[in-house]
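What follows is a single chain, given as structure tokens, in the form predicted on its own.
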């Protein structure tokens, strides 16, 4: 995937986040949807803009760290009313 296509995906994901927020969805469901979109955006940035896809070992470490962080945020989103 080229950097231009990655940029287009980032714009689409950002627009989707904005559209979801504008729907009036709130609470846990809004948090979960926005976190999922943010996770996808973070993966795109790490793998395409920072070219970590070319360094698989480092990419796996970043993916693990990101996954743990996002799972912690998801847990908070579900646990806090």
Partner chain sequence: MNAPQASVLDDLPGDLMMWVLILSELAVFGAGLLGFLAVRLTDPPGFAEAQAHLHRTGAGINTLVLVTSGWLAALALEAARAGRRTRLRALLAGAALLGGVFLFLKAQEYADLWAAGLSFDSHAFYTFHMLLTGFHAAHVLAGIVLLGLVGWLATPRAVEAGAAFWHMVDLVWVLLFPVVYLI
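No experiment lies behind these values; they were computed from the predicted model shown. Numbering follows the first chain given and starts at 1.
There is another form of the same protein, the form predicted in complex with its partner chain; it is not shown, and what comes next is about it.
*Evaluate residue 72 for contact with its partner chain in the predicted bound form, applying a 4.5 angstroms cut-off between non-hydrogen atoms, and reply yes or no.*
Residue 72 belongs to the contact set for its partner chain.
Its partner chain contact at residue 63 in the predicted bound form, heavy atom, 4.5 Å
The answer is no: residue 63 has no heavy atom within 4.5 Å of its partner chain.
| Looking in the predicted bound form, any heavy atom of residue 67 within 4.5 Å of its partner chain? | It does not: once its partner chain is placed as it appears in the predicted bound form, residue 67 has no heavy atom within 4.5 Å of it.
Just give me the residues of 1-22, first to last, that have a heavy atom within 4.5 Å of its partner chain in the predicted bound form.
Going through 1-22 in order - heavy atoms within 4.5 Å of its partner chain in the predicted bound form - the hits are 3, 4, 7, 10, 11, 14, 17, 18, 21.
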